[in-house]
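Let's start with one chain on its own, the form predicted on its own, as C-alpha cells.
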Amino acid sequence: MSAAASTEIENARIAVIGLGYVGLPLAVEFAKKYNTVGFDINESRVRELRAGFDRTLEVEDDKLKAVLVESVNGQENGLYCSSTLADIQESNFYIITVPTPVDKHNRPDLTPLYKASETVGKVLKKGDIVVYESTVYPGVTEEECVPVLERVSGLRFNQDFYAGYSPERINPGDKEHTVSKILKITSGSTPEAAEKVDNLYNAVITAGTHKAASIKVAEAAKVIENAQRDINIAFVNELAKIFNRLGIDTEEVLEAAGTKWNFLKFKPGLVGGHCIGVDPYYLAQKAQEAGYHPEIILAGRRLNDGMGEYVAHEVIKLMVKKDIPVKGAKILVLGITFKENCPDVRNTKVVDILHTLKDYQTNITIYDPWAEPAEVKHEYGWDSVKELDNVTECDAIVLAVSHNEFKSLNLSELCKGNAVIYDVKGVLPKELSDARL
C-alpha cells in the first residue's frame, strides 16, 4: 500500500448506514479503531443504542457502551449513533448495510438500497468511497445504486467518488463466528479503490480478507453462498419426505451417510430468515433478465417454502391416527423466530405452520422466550407469549425452533396423555416425540 493510501486509511472517518443485525456489529468493530458514525432513520433504535442497549442482542450492552462517544466530533475513535444527516457529512467512507427483501411475489425489492443511496448522495464529496454490504444480484451496485449517487450528488463515478462491495457475513445469534472472525470479501470500482476498501476492512477483520476481481464478482459470490445452502437443505428436506413415507428415520440415514469423508452434512428444516430464504430469488431474477430460467434454484426454493405446510399436515395426520379431535384442539407451538437463540422473526417460516394449523380451526398458543410479542403481532398478526403460564392439557406440541430453553421443558406436564409431539428440529430424545422432520 502506498504512503498516501496508508495515510488515507489511518484518517478514515466512517459512516455505517443502517444499524440492524449487520450494521451495528460492523460499526462497533470499526469504532474500536476509527471515528465512526452509525446512522439509522429509526429514531427509537438510535435512542436505545445511545443508552447502550441493542434489542437484537447481537452486541452485548457492555461492549456497546465501551465504544460509544457523546459527540460526532469527539475523540478520534468511537461510535456515535445518529439519525441526523449532518452528522455523517464529514465521513469519507460510507458503508451501506440496509436489508434487501423480496416482495409478495418474491421479486427483489431494492427500495431500501435506493433510499440509502439517496441519503448518502446528499452528503457525498469528492474522493469519498461508498461501500455496499447488502446482498444483491450481480450488477446492482454499479447499475442501480451508483446512478442514484450520481444523480443526487452531482458527482461523477470513478472520477469524483468511488464504490466498493463487501458482502455481509453475519450469522445472527452466533457468538462464536462474530463479524471480525469471519473472512471478508472486498472489492472496488477501480484498482485503487479496491485496495483502499480491502485495507480498511483488514484493519478490523482479524480473519482477513479476500479481494475479489471486481464488484460484480463479489456480488455474485455472496448470492451463491446462500443459494448453495438453500439447494442442499432442499435436497435433505425432500429426503425427509421420502423416508417418512418409507418408515425410515431421516436422522439415522444422515448419520450413517455422514461417515463418508466428503458427505455434506445438512439437516432438514424450515428455511427462513433474511438470507437463505431470500437471496436465491435475487440470483434467479438476474438470470431471468439474462434469458435463462434457473430450474434448480427455483425448485429448491419451492420445496423449502412448502415445508411449514408439510409439517402442519403431518401433525394433523398424527392427531387423526390418535383419535384426537382436530377442530378446537389446543396446540402449543414452541418458537417463532427464524432460528434458535435469536430474537429475529423476519421471514420466519414457522408462520406457515401456524397458518395451516389455523385452517383446521385449532386453538394455537405460541411460546417463544426470545421473540418480542409486539413485533410478532406487528409482523404477522399472531399473539405470542414469553412465559408459559397456565398452559396445560395440550392436544399437540410442535417444537419449531430449538431454543435452549425448550430442551429442558417437561413436555409431559404440558400435554394430555396421548398428545402428539412433533419435533421439527430433531433435538428431543427420539422416544419423547411422535415424529420429527
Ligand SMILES: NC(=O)c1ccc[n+]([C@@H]2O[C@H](COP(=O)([O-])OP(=O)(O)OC[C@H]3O[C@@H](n4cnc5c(N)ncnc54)[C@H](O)[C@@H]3O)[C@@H](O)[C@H]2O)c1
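Residue numbers run from 1 along the displayed sequence. Given the structure is predicted, the values throughout are model-derived calculations rather than measurements.
What follows is about the form predicted in complex with this ligand, which we do not show.
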178-186, 211-219, 151-159, 128-136: which one contacts this ligand in the predicted bound form at 4.5 Å, heavy atom to heavy atom? 128-136
Using the partner position in the predicted bound form, report whether G426 sits within 4.5 Å of this ligand, counting heavy atoms only. no
Even though this ligand is not shown here, does Y21 get within 4.5 Å of it in the predicted bound form, heavy atoms only? yes
Could you tell me if D395 has a non-hydrogen atom within 4.5 Å of this ligand in the predicted bound form? no
In the predicted bound form, does M307 come within 4.5 Å of this ligand, counting heavy atoms only? no
Of G277, P172, G300, G121, which residue is found within 4.5 angstroms of this ligand in the predicted bound form when only non-hydrogen atoms are counted? P172
Counting any non-hydrogen atom inside 4.5 Å, which residue from P343, P99, G78, P294 sits next to this ligand in the predicted bound form? P99
Does any residue in 103-126 get within 4.5 Å of this ligand in the predicted bound form, counting heavy atoms only, and if so which ones? P112, K115, A116
